[in-house]
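First comes one chain, alone, set out as structure tokens in the form predicted on its own.
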């Protein structure tokens, strides 16, 4: 692998929390670096749900190197046990970090990476490959260009690639035609998008925490707009993941989501439709009908708006000319797949891993952050921070530090569930709904101890 230099810096892709943390570590190690962001500013995915309060406290959302850079400029860290909204993470942490002179000088906005290869070498050619710099083909407001790099850290995330409604992983017939009535992720139900949902019949699809957050927020809206009707469709036979581990959850706010959702279900304020796999959608007489795959299952009718919260998937297009290995089930980094497969594993944590597990057959390529998890739903920011700490230490030649991986994450309190394909993520309801959180439990456990032979089994 060629050494980082001014002409061949380490290229980081994505200016979200993990990408900015990677840049902070590179600066701390004195490595030439550049960060490429497709959007006009930092944390574009977080901006999409800035109204949402995270269920992980500040101490899990701050990277150590980034914190050191900020504190060197007089920044005061927030209370480690406080629960920030996504907007507060941007405004109080990521924006000040990106504005630091050393950081700002290395960030290029409106620079979309379209494809990556090796200079003069396609995917097939082996001779001289490791000595050739990476070439990143980029698109900017003024045209296209090529940036050469010694290594690539892909932290571009998955949020902008939501899973579709179709049970087969493809958009359901009618999904594109009804796009004006479908939102993906976590719309601002109590704010900018209130007019779409107040007094309407709304279907939430998905079995994870984003779906739960949307349902709780819709229930709050229904308190003020009583004609709002809420339905919830899941592919599994029971909503175990969304209901969570309650008091056993290492993140109390995450446990509180399930407790509040269970209350709403018991009170009949949300209609649950379980074991429902969408095959098609159509619109009749101004309202949407959602058809199931099973012809014996009744369709869901008289729906005005749909919120699809079925998780997200990585976009691997730009990596096509590079030599990569992905888990065949999740499209995650291959070594992580057996440990995070939601079909069998839902405890919310993963064994410590770093540069070795994140490496690909292409020397110098590392995929980190949510994208390293592929389609798995349990990624936490702290995992990405430890990933980039290890990766950057390896790029700096400090293998002792790179291999000294420490990762202790809070468990969900649920380990084996009927997930059946529904995905979620690490978001929870807006700020106003957090009052239901129970007493804070600071205990955290590591579900998966280090193992040289990971298997697709749920750690207990």
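None of the values given here were measured: they were computed from a predicted structure. Numbering follows the first chain given and starts at 1.
From this point on, the text means the form predicted in complex with a small molecule, which you will not see here.
- With the small molecule left out of view, the stretch that reaches within 4.5 Å of it through heavy atoms in the predicted complex is, among 65-73, 24-32, 390-398, 51-59, 51-59.
- When contacts are defined as a non-hydrogen atom within 4.5 Å, all of 43, 113 and 156 contact the small molecule in the predicted complex.
- A residue is said to contact a partner when one of its heavy atoms sits within 4.5 Å of a partner heavy atom; residue 405 fails this definition for the small molecule in the predicted complex, lying far away.
- When the small molecule is considered in the predicted complex, residue 93 lies well away from it, no heavy atom lying within 4.5 Å.
- Looking at residue 18, you'd find a heavy atom of it within 4.5 angstroms of the small molecule in the predicted complex.
- With a 4.5 Å cutoff on heavy atoms, residue 190 does not count as touching the small molecule in the predicted complex; it lies far away.
- Only one of 186, 234, 339, 218 lies close to the small molecule in the predicted complex, with a heavy atom inside 4.5 Å, and it is 186.
- With the partner removed from view, the residue among 369, 208, 255, 374 that has a non-hydrogen atom within 4.5 Å of the small molecule in the predicted complex turns out to be 369.
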